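Taking the form predicted on its own, here's one chain by itself in structure tokens.
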Amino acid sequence: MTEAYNIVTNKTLTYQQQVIQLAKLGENTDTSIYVDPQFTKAKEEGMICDLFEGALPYRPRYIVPDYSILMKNGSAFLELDPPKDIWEATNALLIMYRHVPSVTTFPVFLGNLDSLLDPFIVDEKEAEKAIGLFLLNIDRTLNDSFVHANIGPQDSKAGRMILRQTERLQCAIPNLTLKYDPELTSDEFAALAAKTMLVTAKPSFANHRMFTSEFGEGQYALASCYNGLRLAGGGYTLPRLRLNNIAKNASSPEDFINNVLPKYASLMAAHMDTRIKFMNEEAAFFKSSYLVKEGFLDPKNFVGMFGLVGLAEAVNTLLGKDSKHGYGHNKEADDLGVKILASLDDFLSKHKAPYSENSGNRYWLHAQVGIEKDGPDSSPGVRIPIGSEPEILKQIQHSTRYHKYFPTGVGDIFRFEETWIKTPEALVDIIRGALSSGMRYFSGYCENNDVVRVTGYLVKRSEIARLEQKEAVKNDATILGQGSRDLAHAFDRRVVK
């Protein structure tokens, strides 16, 4: 049987999911772009992973439109006038979302929803109904957990409505982030966000000060899992180094940093160069898309995301330590982790990235969340392996040493005991301290939620149960969550009492 046949006869896939998989299958028959045989060999050996981006990059992986332009000007291509009320605003956004591509075919960024919708709130009861239906529509039509919206940092009527409706609906889509700054975000709004996070696994808390220092005021967005990207831009491509496997080829930490790691980093950077040049010089997207023509996107605002996973396992392999006594529990191991990241950051600072004017002409590091096939031998990004986490304070102190290296995304996830719902203010105190100490991104949820955060995205336990009964489910990411649960024990994080 052919792979196409297997796709169209798979009863656990919806029609839309079949179409997406068939399109990817067709794309991968193309051989237009040169691929270095050494890069192919590194992929086959498990040293580099291209995250299934496809053979022919006909659009950037992640696209982050500036939707405020839609509110001000409407869209000539979509034949939309500037909205005048809350119904027209939500309707215009829903229409535009259907015309924003990404690697998943769904939009990975929905905008700073509270600032987009707040100006249209006149009758609060009517606005709350509109926002509830808007979020319900998103969950039912943009069926992918990598769809992501932002709120904050300021308190707002729309922000509070979004949080209330998020708790009421208990949907896995969209993912949601609060841009948090203690000087800009009221304690009451932060506590409401923390309570909502505990019962729905969202919003996460982003370090607004850190992102603003890197991207500029109002110039960044959180998209997909927890990807920090420039507004009106996005991420060209995201391959990843599998540090856990690469470390097995090194004779010592010094050999790893000085010889083995640079070899694979160079192969991956060169491959990124090729793909990005094709996107800008040959593919039609930047030349013909209405998103560029109408100013929703600026090609100069895109960056190549240089991903990595398995830092913990790499360090433990190089030092001959197990997960209980190595990375996250041992100063020598933690220091080596920092040294590895510093060496990669230095490598990228010297590699001139094409078409990356607003990113310092370089690629930026990304702590990739992992995929379901990684299993327990490759922890997401720079996280401590699941099952080996120290208590929360030590885990936060560990994270703060690493998060500064990852402008395009890194985060930690904490699983809380149910009684925390009664004291969201106490959780805000922890989050405030963590972000002020250098943590970039904080996520959490209660241990028995239906909606759970897997590695960076959200799924529902109830949908996984349906999938296990060989039923089709709406959310494309549910199968990823099932695999991460079974192979990487992603639902077994230490519970914070």
Partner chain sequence: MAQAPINKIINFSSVDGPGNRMAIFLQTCPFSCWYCHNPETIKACIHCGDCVLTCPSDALHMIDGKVVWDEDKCTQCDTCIRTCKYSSTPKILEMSAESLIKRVREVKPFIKGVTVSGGECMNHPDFLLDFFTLVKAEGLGTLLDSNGFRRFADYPKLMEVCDGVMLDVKASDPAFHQELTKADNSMVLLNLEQLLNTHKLQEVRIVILPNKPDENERTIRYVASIIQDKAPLKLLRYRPFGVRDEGLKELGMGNTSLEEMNRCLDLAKSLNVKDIEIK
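Since the structure is predicted, the reported quantities are computational estimates derived from the model, not experimental observations. Residue numbers count along the first chain shown, from 1.
Another form, the form predicted in complex with its partner chain, is not on view; read the next lines as being about it.
Answer with one of E281, E391, E188, E217: the residue that has a non-hydrogen atom within 4.5 Å of its partner chain in the model of the complex.
Partner contact (heavy atom, 4.5 Å) among the options: E391.
Ok, Q38, S68, S462, S436: which has a heavy atom sitting within 4.5 Å of its partner chain in the model of the complex?
Contact with its partner chain in the model of the complex is made by S436 alone.
Tell me, please, which stretch of 427-435, 465-473, 41-49, 24-32 lies within 4.5 angstroms of its partner chain in the model of the complex when heavy atoms are compared?
So the stretch in question is 427-435.
Look at the candidate spot formed by Q397, W420 and T423 and say whether its partner chain comes within 4.5 Å of a heavy atom in all three of them in the model of the complex.
Yes: Q397, W420 and T423 each sit within 4.5 Å of its partner chain in the model of the complex.
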